[in-house]
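Only one chain comes next, encoded as structure tokens, the form predicted on its own.
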């Protein structure tokens, strides 16, 4: 019989106040029930907030280097449990173990990086304009951080948000995607084993009801959300009205540009990984392939031949290259977009249907799909599909490729394949994205660099690297006047010149 899991609130594993649960099933085999999880509501969130506020008062008083030590122990535990976490994540989310091991490794890297930041939450000391006076700043925590995470990186994205928030001294309430609740359950167990005080971390499972309650709660001053642009827009409206600090990481329509001088074999490896890795379910996935007309036909044939040989199946099967989509609605969305693309005039080069056979009959599988002859204005070239669908666009120059890349509402990731160093640096400068790769695919961000995009991909904040620590902390400025007299700044008695 499948296990029934609980929320973690106020230092205890507890049932939801609603009494409702939801099922978590293997997307590669829907007969495989992983467990039942609480369908939480506003009362559960309120209880979590009350506990987190107590946890915050405790945790903020712990020196930042000591907070970092807890995260270092978390990293050690993630190393110890890497393989079992990866395999259970494959069962829960569907992507192959090579990818879920990478997911855990991102968590490990983020933990160790966060541990070092406990000794590097730098402030500034600057000269005062007045004599016998010091002027300085330091970074301090904000309060309770509400984290809402998606399904596609069940461990990595929660750690991107959680570890910096904790090192900065905040308490955390996390609501993971209802598609992958088990992985975050395991992560919370590891945090507690590492010595994190129980009320510093709260885990609230559930769907939109719990997420809305977390965003709406007046005692949660900090929200970090990764998910769809539509949901992010609604969260942004609430947080703007309530004056909350908000980080949004939303959609992408990422393009890989292949110039006529590119190493086509290298570009082939890149587009296969970028478009069909994680079954296209990455915000950085290569969903557009922009190819110079001189190599277009040859390269499309290469991609179609290679993508056609990718093997679909359960991720835990060693022969599998591409796993399932996360659920039925996701597959139906992909099917609708493939139909829309053909109705708009695109040519179906490969795929465009569900697979057949024993290996895939119980899961949400869809064949890698390529649509050529795509025009920049088509919906399949403009809208995020979040599945194994690649739209191919033909261009005649680098300048045209830049215009096509930039002509969408998103701006997360881009890639350019070329041997021309001048074009490489122009791409870095001119492509309107938060991330640009040269001779590498659109996926593959590293944990110690900022991650995020422009336009409707987000709201300007970054995950990862050094910048995220600025999001999870506030700058406090202090002035120490030891002159023994009243000194008045910002009026017409500037004391900086010699007397």
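In this text, all values refer to a predicted model and were calculated from it rather than measured experimentally. Positions refer to the first chain, counted from 1.
Although not depicted, the form predicted together with nicotinamide-adenine-dinucleotide (NAD) is the subject of the following passage.
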Taking nicotinamide-adenine-dinucleotide (NAD) in the predicted bound form, would 208, 235 and 250 all count as contacting it (heavy atom within 4.5 Å)? yes
Residues in which of 144 to 152, 425 to 433, 269 to 277, 239 to 247 have heavy atoms within 4.5 Å of nicotinamide-adenine-dinucleotide (NAD) in the predicted bound form? 144 to 152
To verify the annotation, which of these, 325, 157, 338, 104, has a non-hydrogen atom within 4.5 Å of nicotinamide-adenine-dinucleotide (NAD) in the predicted bound form? 157
So which of 163, 386, 417, 365 reaches within 4.5 angstroms of nicotinamide-adenine-dinucleotide (NAD) in the predicted bound form, heavy atom to heavy atom? 386
Using a 4.5 Å heavy atom cut-off, state whether residue 451 contacts nicotinamide-adenine-dinucleotide (NAD) in the predicted bound form. yes
Give a yes/no on whether residue 231 approaches nicotinamide-adenine-dinucleotide (NAD) to within 4.5 Å in the predicted bound form, heavy atoms considered. yes
For residue 351, is any heavy atom within 4.5 Å of nicotinamide-adenine-dinucleotide (NAD) in the predicted bound form, or not? no
Residue-level question: is residue 171 within 4.5 Å of nicotinamide-adenine-dinucleotide (NAD) in the predicted bound form, judged on heavy atoms? no
Interface residues of 173 to 210 toward nicotinamide-adenine-dinucleotide (NAD), as seen in the predicted bound form [heavy atoms, 4.5 Å]: 175, 176, 177, 178, 206, 207, 208
